[in-house]
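One chain comes next, on its own, written as structure tokens: the form predicted alone.
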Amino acid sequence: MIRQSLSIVALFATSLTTSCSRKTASAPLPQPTAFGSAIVESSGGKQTSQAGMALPQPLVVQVNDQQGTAVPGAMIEFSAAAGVAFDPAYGLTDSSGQVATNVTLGGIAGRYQLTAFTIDKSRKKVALTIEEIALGYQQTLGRQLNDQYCERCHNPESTVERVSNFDNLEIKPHPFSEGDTLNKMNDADLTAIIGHGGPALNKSALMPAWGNTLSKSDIEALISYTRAISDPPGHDAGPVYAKN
């Protein structure tokens, strides 16, 4: 009899815990206190990370009114294809009209289209699409090689770890994301110029030959990385994942 009573108590406790969990999971969204007419990206778009990993910087979006003034208290929600996680997935805009979220991309390499949306006074949805890039293993290796050998000349921005040499070069090298130029070059052209230097394609001799430093697989990884981050994307930039 005592065992039966204990079983009933345990069953009741389990039922109560499950009920509480369900209530927490289905908690209502916070109610907006204001409404805007536009939603814009403040920062965090077009980032890259390894597939399945968090983006290095938060994604920050902002709600504005018709005059372009930031709107505090507006609701923003985020969505994307399956496998993408947002922390938080929604929120009310702060005093600067913004909401920031940490994004973890899906586990498959490609371009992920994220959607942030708010509602206007008429309850009509106003949406913004942001693209982020998940790198596969080969592309991640290419990014590491780029950081080690290429960024100093191909990126005009200096960082704490790296001082850019871009401004010291008479002929400016193309950034690796410059799709308008690099998409016109096939893989064989890129292999030649990386391995044998600029003169291999009648380009500037300031582009050195890396064939004695980088292996064939290293050069392939670099090319795969440049294709992945191409802006605008080329035909081999990888699949695009968007919410159905």
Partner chain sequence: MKEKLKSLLQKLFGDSVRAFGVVSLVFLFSLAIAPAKNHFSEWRHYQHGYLKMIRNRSDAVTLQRHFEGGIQQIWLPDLGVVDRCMSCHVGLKEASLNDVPTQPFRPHPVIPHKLDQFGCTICHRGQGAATTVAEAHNSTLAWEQPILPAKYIESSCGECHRGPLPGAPQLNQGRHLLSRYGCVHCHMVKLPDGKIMKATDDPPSLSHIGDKTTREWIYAWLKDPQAYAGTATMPNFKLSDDDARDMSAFLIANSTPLPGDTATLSAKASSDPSAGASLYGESFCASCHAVQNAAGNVVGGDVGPELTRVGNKVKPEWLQAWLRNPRDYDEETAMPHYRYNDAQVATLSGFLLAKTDSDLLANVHLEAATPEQIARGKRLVSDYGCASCHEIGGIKKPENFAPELSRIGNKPVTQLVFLPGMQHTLPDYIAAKIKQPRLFGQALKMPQYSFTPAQIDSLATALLALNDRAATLPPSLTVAATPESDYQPAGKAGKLMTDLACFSCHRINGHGGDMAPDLTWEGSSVQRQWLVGFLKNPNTLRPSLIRRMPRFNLTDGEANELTDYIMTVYQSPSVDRDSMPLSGYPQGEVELGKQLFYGKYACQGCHIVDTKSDKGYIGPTLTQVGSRLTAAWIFAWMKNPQALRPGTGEPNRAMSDEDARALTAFLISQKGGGKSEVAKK
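Numbering follows the first chain given and starts at 1. Note that this is a predicted model, so its numbers are computed, not measured.
One more form of this protein, predicted together with its partner chain, exists but is not displayed; see below.
- The closest heavy atom approach of Tyr149 to its partner chain in the predicted complex falls within 4.5 Å.
- Proximity of Ala209 to its partner chain in the predicted complex falls within the 4.5 Å heavy atom cutoff.
- Within this chain, Ala54 lines the site of its partner chain in the predicted complex, having a heavy atom no more than 4.5 Å away.
- Contact between Glu157 and its partner chain in the predicted complex is not found at the 4.5 Å heavy atom cutoff.
- Screening 114 to 122, 71 to 79, 134 to 142, 91 to 99 for residues having heavy atoms within 4.5 Å of its partner chain in the predicted complex returns a single hit, 134 to 142.
- A heavy atom within 4.5 Å of its partner chain in the predicted complex is found for exactly one of Ser177, Asn64, Thr191, Thr213: Thr213.
- Contact with its partner chain in the predicted complex, defined as a heavy atom within 4.5 Å, is made by none of Ser43, Ala127 and Ile171.
- Although its partner chain is not shown here, in the predicted complex the stretch 91 to 129 places heavy atoms of Asn102, Thr104, Gly107, Ile108 within 4.5 Å of it, in sequence order.
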